[in-house]
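The data below hold one chain only, encoded as structure tokens and taken in the form predicted alone.
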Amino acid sequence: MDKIFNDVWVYLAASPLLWLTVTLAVYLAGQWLFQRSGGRALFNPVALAITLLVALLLLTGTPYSTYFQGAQFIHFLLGPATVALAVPLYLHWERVRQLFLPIVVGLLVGSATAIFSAIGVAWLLGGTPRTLLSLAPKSVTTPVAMGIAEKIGGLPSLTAVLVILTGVIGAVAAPALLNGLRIRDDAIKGIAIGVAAHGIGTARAFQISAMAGAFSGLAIGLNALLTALLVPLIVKLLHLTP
């Protein structure tokens, strides 16, 4: 029986469609658990899907490169999905114009706070200069963060992990925190989540409302641009070298 199971597994593992199917299945399972829990933050479907996938890869001894052969199809869709964020933003364009100044100020403060707090906390905990440089762009979307980290002397692979952790923690904690602060405007919620938790947070913002998702999508793009400009300046100001 074990031999039959092993033979079947070897056959399935050789197909890229296996891990594509597994990725979709674990996300759907996470979404089901999230809905069954009544929308509790701890049951965030993205966090659950990541946890289940990591466990499966470890249990089966599957290298990430093998997994990515199937998952690359989903990875390809990230581009069109990001562009599609412009649609809800266009639908709420009048609201964007009304909040232009608060958006600009919020982005400046949020981006600078994310950079300084990451560097400061890591420095207090005894992080190496390279670790500090890897942490600096943690609040922007993964491709941009990895590019920034590489340019300033950080470790892109470490930055990628930190970006994902930031997004998951932000998606889990941000809605409850914003509600605790009695922030009721979905546009403001969206900007805060997008600045702090990039794409993973934006997925959570869309669960709040279309307006929150639209403003979170706007914050992702603007924060990526602003962070790319601010990080090198702050690194130079603090005299950080790898």
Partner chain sequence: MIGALAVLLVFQLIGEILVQASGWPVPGPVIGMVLLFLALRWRGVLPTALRATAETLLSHLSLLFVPAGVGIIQHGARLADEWLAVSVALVVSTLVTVAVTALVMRAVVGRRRGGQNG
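Positions refer to the first chain, counted from 1. Everything quoted here is computed from the prediction, not taken from an experiment. Rigid core: the largest C-alpha set superposing within 1.5 Å between the two forms.
Beyond the structure shown, there is the form predicted in complex with its partner chain, which is absent from this document and is the topic of what follows.
Does at least one non-hydrogen atom of residue 68 fall within 4.5 angstroms of its partner chain in the model of the complex?
Yes.
Please check if residue 203 has a heavy atom lying within 4.5 Å of any heavy atom of its partner chain in the model of the complex.
Heavy-atom contact with its partner chain at 4.5 Å: present for residue 203.
Evaluate residue 181 for contact with its partner chain in the model of the complex, applying a 4.5 angstroms cut-off between non-hydrogen atoms, and reply yes or no.
Within the cut-off, so yes.
Using heavy atoms and a 4.5 Å limit, would one call residue 27 a contact residue for its partner chain in the model of the complex?
Yes.
Going by heavy atoms, what in 149 to 170 lies within 4.5 angstroms of its partner chain in the model of the complex?
Contacting residues: 151, 155, 157, 158, 160, 161, 162, 164, 165, 166, 169, 170.
Verify the C-alpha shift of residue 129 between the shown form and the other one: is it 2 Å or more after superposing the core?
Result for residue 129: yes, a 2 Å-plus shift.
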